[in-house]
Ligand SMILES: C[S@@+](CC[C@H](N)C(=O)[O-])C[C@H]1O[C@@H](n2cnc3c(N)ncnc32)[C@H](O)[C@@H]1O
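A lone chain, given as structure tokens: the form predicted alone.
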Amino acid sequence: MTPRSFLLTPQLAEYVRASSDPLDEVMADLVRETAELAARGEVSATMQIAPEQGVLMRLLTTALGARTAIEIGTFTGFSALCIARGLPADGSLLCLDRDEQVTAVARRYWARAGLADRIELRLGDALPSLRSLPAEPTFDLAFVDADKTGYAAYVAELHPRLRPNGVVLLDNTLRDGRVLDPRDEDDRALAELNAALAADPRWETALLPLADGLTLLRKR
């Protein structure tokens, strides 16, 4: 099944997509191939962001005038493709992921889209890779869709590396609604982080009921 915002019925999800900008051919093919990989059990379907979220991320990238972006957790590359589509021709996106096999799919679609020159993929554990970057304002936009227990550390490390008014997007912050009644370590980590961010004066915070919960943080 094509991923969708979990609060929407399949019919309403189709209406939302039909009432928004459509995915281009490359994006649509990537979503389709990822769904086929998931159907064969080669990847987890829950790791693919919803198409409507991708459309929003592309729009936000453009509207913010972002020139430099970073992504933590790339999977098959759809979210990176959406961000890169929103960057200017001289923009750059740094992707951090540790799965060489799955990100090979991403590389193939980035090349097909003519965006490979805007995207750098660094393989390895994301937190050490992030900490190896200069702790100075560099990025206009960040997207985090990786291990949930690592989110708090990623946010902490992104803060000094984000420019003033830069935006961080955090995926899966509703956990299918389980943040209200956490069942595992990932649920608890996100519930605790959501509460902490809402009270953190360094960030302007908005948690949107889009996809599986998308939190927007603006660095004050």
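This structure is a prediction, so every number in the text was calculated from the model and none was measured. Residue indices: 1-based, along the sequence shown.
Form predicted together with this ligand: not shown, discussed below.
Stretch-level contact analysis of 60-68, 175-183, 160-168, 41-49 against this ligand in the predicted bound form, using heavy atoms and a 4.5 Å limit, identifies 41-49. The closest non-hydrogen atom of Pro137 lies beyond 4.5 Å of this ligand in the predicted bound form.
When contacts are judged by a 4.5 Å heavy atom cut-off, Phe78 counts as touching this ligand in the predicted bound form. At a distance threshold of 4.5 angstroms between non-hydrogen atoms, Ala146 is in contact with this ligand in the predicted bound form.
Contact between Pro88 and this ligand in the predicted bound form is not found at the 4.5 Å heavy atom cutoff. Along 118-135, a non-hydrogen atom within 4.5 Å of this ligand in the predicted bound form is carried by Gly124, Asp125, Ala126, in order along the sequence.
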